[in-house]
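Coming up is one lone chain in structure tokens, specifically the form predicted alone.
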């Protein structure tokens, strides 16, 4: 029986990655195939409906699958995640010459966020601002950069546009995930000394390989076992692992999604049964 996995085509490299993984998995006696989606919402619905056995999910898609499954009397579990999906943070950047010394100093100013459905550049940073006493849309003006809506922030376009707006003086602060902060410095988008970190969120987790309880037990077990066995030392696998942004797969866990779950509830992004309820979100 073929184990069928869903993935979202957020970048052309996704085809290269999962076609390469498919060849490797089949060579290790797993009957495996994948299908690609244009957005995470349809993928989540198909997983819970049993049309998929597994889905390579964003953290937001994981939360939706969890809610959809509970409402349907089903169960989903995180099988594995990348080593790079654990303990991420988002940072609030200001220009180096900014007069802001604390988050409270942003009151009355403008903060740039990513796309409406970005966990790391919009949902979690907005909740962080609330925890710091600033209500988005009331105490601070929000300028969103809605690039790749439906892809749940699995791109860097909105975050790159946000920091460019910061450098141009169009906004007073910008939120990005820590890995992109590093990347923007390396690529020259953020010149050395041009910005500084005003604040950093607590750690959270990102993507996971979600499996549904309708999936065949033995192929799922083998799938997880094989992913965990992939080695960065294998010259055939290293280019694919680099493209997917990991050095090793690790066991999935659920403890790092609390901040995002709070953000989803505060914004009404999904309701308790997993329905899309954010008025500005059209994937």
Partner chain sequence: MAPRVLDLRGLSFESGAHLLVQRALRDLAPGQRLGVTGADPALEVHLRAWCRRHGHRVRSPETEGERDARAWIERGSADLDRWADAERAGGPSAADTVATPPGHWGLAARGALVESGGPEPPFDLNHRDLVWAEIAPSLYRHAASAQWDPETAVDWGSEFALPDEIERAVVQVMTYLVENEQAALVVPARLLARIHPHFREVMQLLAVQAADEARHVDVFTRRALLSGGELGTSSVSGRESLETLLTEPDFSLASFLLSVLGEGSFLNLLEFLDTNAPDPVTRQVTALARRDEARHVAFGVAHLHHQSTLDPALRSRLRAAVERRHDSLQDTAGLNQDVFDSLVVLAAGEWTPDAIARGWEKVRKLQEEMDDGRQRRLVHLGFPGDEAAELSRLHTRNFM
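Since the model is a prediction, treat every value here as computed from it, not as a measurement. Residue numbers count along the first chain shown, from 1.
Although not depicted, the form predicted in complex with the partner chain is the subject of the following passage.
Not one of 98, 101 and 108 places a heavy atom within 4.5 Å of the partner chain in the predicted complex. Proximity to the partner chain in the predicted complex, defined as a heavy atom within 4.5 Å, holds among 245, 258, 216, 50 only for 245.
Note on contacts: among 137, 193, 169, 73, the single residue with a heavy atom within 4.5 Å of the partner chain in the predicted complex is 193. From the list 177 to 185, 73 to 81, 153 to 161, 115 to 123, the contact stretch for the partner chain in the predicted complex under a 4.5 Å heavy atom rule is 177 to 185. A residue is said to contact a partner when one of its heavy atoms sits within 4.5 Å of a partner heavy atom; residue 238 meets this definition for the partner chain in the predicted complex.
The shortest heavy atom separation between residue 86 and the partner chain in the predicted complex is within 4.5 Å. At a distance threshold of 4.5 angstroms between non-hydrogen atoms, residue 91 is in contact with the partner chain in the predicted complex. Taking non-hydrogen atoms only, residue 250 approaches the partner chain to within 4.5 angstroms in the predicted complex.
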